[in-house]
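What follows is one chain in structure tokens, specifically the form predicted alone.
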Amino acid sequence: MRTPRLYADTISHASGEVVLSERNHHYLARVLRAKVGQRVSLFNGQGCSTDAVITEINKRQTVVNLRDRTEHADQRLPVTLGMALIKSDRFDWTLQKATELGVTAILPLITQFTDSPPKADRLQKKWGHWQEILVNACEQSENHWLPQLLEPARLTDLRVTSQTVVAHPATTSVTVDPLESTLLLIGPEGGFSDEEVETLLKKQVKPMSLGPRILRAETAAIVGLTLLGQQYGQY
């Protein structure tokens, strides 16, 4: 049986017996029907992981005894994905796959063609939902580092880095400096507006070709990350 792998952000300085979060207790007790003595693997999303053994599990809580601790180097892809807000299910899918690919950070973008950008109260609910997607993807893919989820920003207010690229059709491929991090910008369905593209180019943002075909936004994000990952020598 595969050892369950769970996100636990409180293990960094903990030792001995600890009580797991309600989220992890629910999964172990009600989904897996785990028993005392079963091993679990915990990680904090910041490079620390530890083996643990369940010492108590009941209707109210799960207690584990922490064992060997390991510190893992940050091997995330040095790329921030600036992803335009698209339909919820497709944006969720993009978050999941970008996390599996090991992206360093994800920046939701509000663009001219963003359909009904979420208001503050709705955005707060989405924020928790997005974070859970990142956690689940890290658990599944055995990544030790959780991507940073940045505050949504309007493209017009975006402060670009010295190495920012934008996915844009009918352009040539781009070579990035492997010693620097990259901000990759992906537009919504239909792409960025002509005005937005012109503004980005004036800011010295480099247009990047993703191939000869027109891709959906979520597909473009994964292709872009893969192409950059190859240049960074990670794929």
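What you see is a predicted model, and the numbers here were worked out from it, not measured in a lab. All residue numbers refer to positions in the sequence shown, first residue = 1.
Missing here is the form predicted together with ligand SAM; even so, the following discussion is about that form.
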Residue stretch of 183-191, 31-39, 198-206, 55-63 approaching ligand SAM in the predicted complex, non-hydrogen atom distance within 4.5 Å: 183-191
Contact of residue 20 with ligand SAM in the predicted complex (heavy atom, 4.5 Å): no
Interface membership of residue 210, ligand SAM in the predicted complex, 4.5 Å heavy atom rule: yes
Touches ligand SAM in the predicted complex: residue 14 (any heavy atom, 4.5 Å): no
Heavy atom of residue 178 within 4.5 Å of ligand SAM in the predicted complex: no
Residues from 145-168 in contact with ligand SAM (non-hydrogen atom within 4.5 Å) in the predicted complex: 167, 168
